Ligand code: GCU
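The chain below stands alone, shown as structure tokens; this is the form predicted alone.
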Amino acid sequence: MKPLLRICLIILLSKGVMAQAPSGYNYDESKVPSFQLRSPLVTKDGREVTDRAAWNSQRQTLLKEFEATVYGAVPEQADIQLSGVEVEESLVWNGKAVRDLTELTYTYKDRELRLNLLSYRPVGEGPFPVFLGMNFSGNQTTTTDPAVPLSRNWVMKNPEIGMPTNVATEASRGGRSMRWPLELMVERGYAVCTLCYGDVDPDFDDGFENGLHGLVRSKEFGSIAAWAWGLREVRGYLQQLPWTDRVAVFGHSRLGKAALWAGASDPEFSLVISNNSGCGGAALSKRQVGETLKAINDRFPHWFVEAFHTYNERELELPLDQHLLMACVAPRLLYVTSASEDLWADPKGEQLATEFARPAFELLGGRVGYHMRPGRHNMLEFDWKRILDFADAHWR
């Protein structure tokens, strides 16, 4: 096996699709540069990975590289304590489901961080497989359930759903429920848990002063790593509950980036799902299609560590790419989704990265699923039905 894979692909896209992406960037496959990718099954010094012991060493090396080059490292979790849990449990949907409203309090020295979870699960003892993912604008946006409290922390503003500022409003209730087919998931035998990403770390360039950064007083990691930390912590809490079987992590867009990093770095997530996660998520950076490193780092300087910024307009010099991150999920389950008109996220690059991660799964076990649906940047019931079908077949 050769340590480098050389790729030069030509795919033609319609002008109608191209017009739906920000101008000034490349969406023309004929202009994708020839580039080199490392094989996940070849070490940096050229040795082939042929068994699980060698893969375990390779995986740890790759995760350290991503830590140093892309995401950064949150301080040791042992220093951050889960000091309080409050749960309000109710029977809902005419007795068809159980809803939990949970507040987790984390402390570090004399400081606190509170995460508010919303969970729905089937009635009964279980245990049930759980889908865990973050939302953008508060738990109240995922459902019309009037008992779900408004988020009290920073949320992403969204005038389209009646939230003109970064403060949650009653008008936003259920405003993103199309991304959260909660009843469908419960009817099919799964539990689902969500929290607002702003509970963990606010999504603006604040000099790393708030959220998890403010809790631990560290600037050695970006917000993607902070959100991934939150997902890992909630996973740990959920797996202590008697109704939890196993936990999948999922995310859309920037939260898909966080889900990939959380899932790749935490082997306790048995299924990892990325939806339309693009640059810094499932897409190959070296293709330089749609959102580039400079575009993402200029607009969101707080997402990644400074080392990642040094590769702005130098993608071909990157020592790694996102297929290696997805390979780190092996031998577990990985599911990646794209949307054909979401050119900013480079759906073709997401598909290719998934394929170039596949050799790790073929060697070690596990399984990879992928679909590309028609349409734009979103997470829809169509996506969930395909994900649930994959989970039914391979996860339960």
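Quantities reported herein were computed from a predicted structural model and do not represent experimental measurements. When you see a residue number, it is the position in the sequence shown, counting from 1.
Although not depicted, the form predicted in complex with alpha-D-glucopyranuronic acid is the subject of the following passage.
Asker: Partner absent here, but in the predicted bound form, which of 215 to 223, 293 to 301, 316 to 324, 85 to 93 has residues with a heavy atom within 4.5 Å of alpha-D-glucopyranuronic acid?
Answerer: Heavy-atom contact with the partner occurs in 293 to 301.
Asker: Answer for Arg373 alone: is it within 4.5 Å of alpha-D-glucopyranuronic acid in the predicted bound form, judged on heavy atom distances?
Answerer: The answer is no: Arg373 has no heavy atom within 4.5 Å of alpha-D-glucopyranuronic acid.
Asker: Give a yes or no for Ser277: in the predicted bound form, does one of its heavy atoms lie within 4.5 Å of a heavy atom belonging to alpha-D-glucopyranuronic acid?
Answerer: The answer is yes: Ser277 has a heavy atom within 4.5 Å of alpha-D-glucopyranuronic acid.
Asker: Would you check, heavy atoms only and a 4.5 Å threshold, whether Lys286 touches alpha-D-glucopyranuronic acid in the predicted bound form?
Answerer: Output for Lys286 is no: heavy atoms all beyond 4.5 Å of alpha-D-glucopyranuronic acid.
Asker: With a 4.5 Å heavy atom cut-off, would you call Ser253 a contact of alpha-D-glucopyranuronic acid in the predicted bound form?
Answerer: Yes, Ser253 is a contact residue.
Asker: Can you pick the one in Phe136, Phe128, Trp154, Phe208 that has a heavy atom within 4.5 Å of alpha-D-glucopyranuronic acid in the predicted bound form?
Answerer: Flagged contact: Phe136.
Asker: With alpha-D-glucopyranuronic acid left out of view, choose which of Trp344, Phe356, Trp55, Phe361 has a non-hydrogen atom within 4.5 angstroms of it in the predicted bound form.
Answerer: When alpha-D-glucopyranuronic acid is considered in the predicted bound form, the option within 4.5 Å is Trp344.
Asker: Where, within 371 to 392, is there a heavy atom within 4.5 Å of alpha-D-glucopyranuronic acid in the predicted bound form? Residue list please.
Answerer: The one in contact is His377.
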